[in-house]
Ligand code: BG6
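The data below hold one chain only, encoded as structure tokens and taken in the form predicted alone.
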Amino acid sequence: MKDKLRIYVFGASGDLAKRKTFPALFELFSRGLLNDVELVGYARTEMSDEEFRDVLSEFLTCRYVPGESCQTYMDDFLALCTYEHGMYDADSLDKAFSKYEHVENNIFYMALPPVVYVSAVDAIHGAECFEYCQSSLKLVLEKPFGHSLASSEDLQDSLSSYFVEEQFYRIDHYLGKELVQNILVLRFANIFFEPLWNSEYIERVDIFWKETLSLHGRAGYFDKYGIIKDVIQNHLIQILALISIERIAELSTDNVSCAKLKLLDSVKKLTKNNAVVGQYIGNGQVPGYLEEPGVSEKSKTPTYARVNLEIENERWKGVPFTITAGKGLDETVTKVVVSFKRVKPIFKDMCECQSVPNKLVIQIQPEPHIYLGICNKVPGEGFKLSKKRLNFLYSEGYNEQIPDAYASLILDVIKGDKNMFVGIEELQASWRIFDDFLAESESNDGDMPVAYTFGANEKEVF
């Protein structure tokens, strides 16, 4: 079956698969981008095909098909989904999948805790039923890719004993978001940005990731990692890399990955003097972090961090890059703010807009848009100035739906396009930036995070 694609989703009974992986696959199907495919769920939980389909149906939504056709699309999609159960060892996989006909293209999506990766990959490599496709199959891995530089390297050493690097797709769903991917287009397809994209014209760059949410049952996971490992070391450092890489000759996996690696290698290691970490306390309605089920009462795990990073190259010499991330704050937003240097005022009628820099804001969520803050003349006599925005709102600029990030990246896996996936060398480079700081702050001698009240404005606290 030369052209047929089979996607195996390991961990298919878990939240990630139900809430992200299968809805993303359904989006691709409803957009006509998933043809001649079989979707096979696999997990330890015992379920029939029908029970599995009933579970999935609760999480599928129709964004790309008319309302009256929604159920038909769902029924057709669910008919492609089958389910097997068993342990993550070769014998169990052989028992579950030996009955399946061989197909040319095979993708294994690991919707699993990373601690299971090695045993699952070992099982795939050792199962007789998959001998025929060992050299061509693809494996999708979810973050976190380790919890330190050493653990990341150990994980990679183990995985690379089974398959080559080209077969691994480390998925960071932020790299699938339209506004993150558009950073490359904004910089390299518009001639007026690149000449200004350096320390001569840019004063600072700020990256923000804020949530109003608490842990919502994720305390068991989050307390092992904290905000730096959960968000900054992966999602936000990737955004920083795309914002600051050197110009590439053409869009290719090698060019993008090499440019990001070179950039990350030039970022100075984070030190205690360049970071502030915090941990939220209760506000009378929402319990504090230490009161969350599954969190130790002595936990030092930060729910907030602000880190100041320096890039040691000619382009960015002296330009501070600040990443701020936190849960339990007063707003939910992810955005990049590029502040340009101030111009020398020449207008007699002084106003605030001459004393603040022009800013380019790339807001990734919740409402995707790009705007440039400028000084503008107020209509009338003289030269009275005011701050205004040149604003591009995605919902107004495009009629079509913005694709789901997971759907975009899964489609890239199918195509074999690794431009927006994390290479092993850049992963290790990003760990090197934070590794020493994390080890020090997590030690017995490390300071407790600064307390802030849930729902606080972080500017009033830190």
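So that there is no doubt, residue numbering starts at 1 and follows the sequence shown. Since this is a predicted model, take the numbers as computed values, not measurements.
This next part talks about the form predicted in complex with the named molecule, which is not shown.
Across the proposed site, 143, 211 and 221 without exception bring a heavy atom within 4.5 Å of the named molecule in the predicted bound form.
In the predicted bound form, the named molecule sits within 4.5 Å of a heavy atom of residue 174. The shortest heavy atom separation between residue 365 and the named molecule in the predicted bound form is within 4.5 Å. Among heavy atoms of residue 235, some come within 4.5 Å of the named molecule in the predicted bound form. Contact between residue 327 and the named molecule in the predicted bound form is found at the 4.5 Å heavy atom cutoff.
Comparing 188-196, 225-233, 99-107, 294-302 against the named molecule in the predicted bound form, the single stretch with non-hydrogen atoms within 4.5 angstroms of it is 225-233.
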